[in-house]
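Taking the form predicted alone, here's one chain by itself in structure tokens.
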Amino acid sequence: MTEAKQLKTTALHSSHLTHDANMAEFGGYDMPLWYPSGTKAEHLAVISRAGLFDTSHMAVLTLEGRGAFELLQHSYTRDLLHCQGKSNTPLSEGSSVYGLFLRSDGTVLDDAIIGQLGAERYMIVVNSSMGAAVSAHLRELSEGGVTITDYTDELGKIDLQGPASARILHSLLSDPEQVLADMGYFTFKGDIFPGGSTALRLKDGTSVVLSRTGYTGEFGFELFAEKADILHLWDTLLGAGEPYGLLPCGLAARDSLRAGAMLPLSHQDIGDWLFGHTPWSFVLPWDQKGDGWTKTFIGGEQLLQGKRDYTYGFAGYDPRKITISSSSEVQDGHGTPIGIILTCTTDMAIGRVGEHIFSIATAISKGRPDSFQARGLSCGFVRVGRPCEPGEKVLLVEGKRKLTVEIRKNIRPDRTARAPMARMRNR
């Protein structure tokens, strides 16, 4: 008899059970897929109001000491000297950047967000169960002088996402004007790690790192706190968000939201294959000519020399999905197999009017018909062996089922992740 797999749990596990969440395994953890409100309601809440996600399964590392910058510059795909804003200025204290850790063969170990806590002090957020692997990778590359600390299962993390997020936080912050007014996209405030000097506390005294990031494509925040504080923080956020229609959300809504926002899932949309031509190629340190790098980094030479395939986003014409299996594939218009399906889900906040895709968040002034009702569209990513043009129709096939979808550069329009803080606070 096979021994049952022992799943990890987050500090919010009891709360999920109390609130009748549908639970399932993800990344080695027993996590909520959806609550009684259902995935559709949770997805739409993040687009129009707010949603709250337990993301404590994610792993957090810190790097500090002389040589930390050089280690990251060598191991991470982003050029930390040229990565901030339109002017590509260096990463600075209180700012974050998204990129990849590659293996020496150019395949993806994991994607990660790196935030600079201070001089030679960095916070790295990686995926579930990847803390040990990324730590080991960095230690192998380190030439000494750098302290790498893995905080897996020692911290809690909650994502507050949706247009009402800033107004919900406003009531919990001691000085909301000072904290929120200048928070741009991919900036953060607070430091809960040993040696930190920039503590950010809520009115009730809870210390947090507050980051203007997320995995939904919508305006919002990620909050990091000590594990002992996370259940209290979760309940406090649920209470503060109740007047705004906030819903607790599971991983199913997180998946459909991130796919509609063209965000990859590590080890599914990127992973144990050569990092190819993708919607996320901005994570590579291209030089001005676009045929080389601005720095030397692990896996970089292999990317320039190896045969790289093509990853594209797609949107369908109705909510129907294709099950991904060993027999599913992507075919061209003539029925010739050209690749595989990586992600296929449904974004319930969008729909088509003719060939044009609208979101429930699209303003009528932008052309959304007053009578528009989102039916939802299938969406996701495919990996193929040849270039495709935006607008090209391909088939997703699984057995006798065939679904026509359109290759797209953008799926859900009018996302708010990058919206100005002042606009979102006054909505």
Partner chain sequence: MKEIDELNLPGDIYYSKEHEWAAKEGDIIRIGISDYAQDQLGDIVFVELPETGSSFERDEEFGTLESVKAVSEIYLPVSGEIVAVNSELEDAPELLNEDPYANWIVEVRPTDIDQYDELLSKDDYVAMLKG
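Remember, it's a predicted structure, so these values are computed and weren't measured experimentally. Residue numbers count along the first chain shown, from 1.
Same protein, other form: the form predicted in complex with its partner chain, not shown, and the subject of what follows.
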**Prompt:** in the model of the complex, which of the listed residues (77, 346, 211, 216) lies with a heavy atom within 4.5 Å of its partner chain?
**Reply:** 346
**Fill in**
in the model of the complex, the residue from 255, 153, 309, 329 with a non-hydrogen atom within 4.5 Å of its partner chain is 255
**Message:** Please identify, from 176 to 184, 247 to 255, 275 to 283, 217 to 225, the stretch that has a heavy atom within 4.5 Å of its partner chain in the model of the complex.
**Reply:** 247 to 255
**Asked** Each of 61, 297 and 300 near its partner chain in the model of the complex, meaning some heavy atom within 4.5 Å?
**Response** no
**Prompt:** Does any heavy atom of residue 34 come within 4.5 Å of a heavy atom of its partner chain in the model of the complex?
**Reply:** yes
**Prompt:** Is residue 323 close enough to its partner chain in the model of the complex to count, meaning some heavy atom within 4.5 Å?
**Reply:** yes
**Message:** Taking its partner chain as it sits in the model of the complex, is residue 40 in contact with it (heavy atom to heavy atom, 4.5 Å or less)?
**Reply:** yes
**Prompt:** Though only this chain appears here, would residue 21 touch its partner chain in the model of the complex if you measure heavy atom gaps against 4.5 Å?
**Reply:** yes
**Fill in**
Those residues of 370 to 385 with a non-hydrogen atom no more than 4.5 Å from its partner chain in the model of the complex are 375
